[in-house]
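We begin with a single chain expressed as structure tokens, specifically the form predicted on its own.
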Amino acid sequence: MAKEKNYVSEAVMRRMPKYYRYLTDMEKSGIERISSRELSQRMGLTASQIRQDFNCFGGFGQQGYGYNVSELRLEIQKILGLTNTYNVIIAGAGNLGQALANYTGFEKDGFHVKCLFDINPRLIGMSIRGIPIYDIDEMEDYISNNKVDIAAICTPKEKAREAAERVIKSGVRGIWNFAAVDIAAPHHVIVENVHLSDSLYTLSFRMSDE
């Protein structure tokens, strides 16, 4: 029996999307079976670490057989909640917000961007790939009248916390924050703070250590 997510470490959960991504690529390439050793060579992890990670959810392989790629991908898809569908709004229709709306890959995993909101009168009334941009002052009413699961915050950092407060009060339970400031929320709201600069700084650190 798979363990509850609450008992799985943050480090393990951070690796699950990577497993999903690699398994998706392998399935597309026609690979049907893979061992933990072969998977470790592809992903840069140890075979022991992979087995330990999967054992957190009950384990999926068979001794001497390895893992069925399609079945393992489906199990991880379920763990990540990717068998569900999510309605997404974007607060902030600048370059980053528009880039998110333009990316079609999210829809393949069940994330559907419904609309964007902004304060810029030159953007209000326009659409991105058929997705409308509304006035930010309409955001609470829209959330109240439509099923919205996730709000992506792409505003300047000075406006990010205010935008987050507004969507939280309106009932959104998931926030994907791209603003250059961390956002905190009540325990019933899940926040994923994404700092693009962090990975760039990590790259810089690793290059300077050569």
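The term rigid core refers to the most C-alpha atoms you can superpose between the two forms while keeping them within 1.5 Å. This structure is a prediction, so every number in the text was calculated from the model and none was measured. One rule holds for the numbers: they count along the sequence shown, beginning at 1.
There is another form of the same protein, the form predicted together with a further copy of the same chain; it is not shown, and what comes next is about it.
- With the partner left out here, a further copy of the same chain still marks one of 46-54, 29-37, 168-176, 137-145 in the predicted bound form; by a 4.5 Å heavy atom cut-off that stretch is 168-176.
- In the predicted bound form, a further copy of the same chain lies within 4.5 Å of some heavy atom of residue 81.
- At a distance threshold of 4.5 angstroms between non-hydrogen atoms, residue 150 is in contact with a further copy of the same chain in the predicted bound form.
- Among residues of the shown chain, residue 102 is one whose heavy atoms approach a further copy of the same chain to within 4.5 Å in the predicted bound form.
- a further copy of the same chain in the predicted bound form comes within 4.5 Å of no heavy atom belonging to residue 69.
- Residues of 100-124 placing a heavy atom within 4.5 Å of a further copy of the same chain in the predicted bound form, in sequence order: 100, 102, 106, 109, 111.
- Positional change of residue 198 between this form and the one not shown reaches 2 Å or more at the C-alpha, relative to the superposed core.
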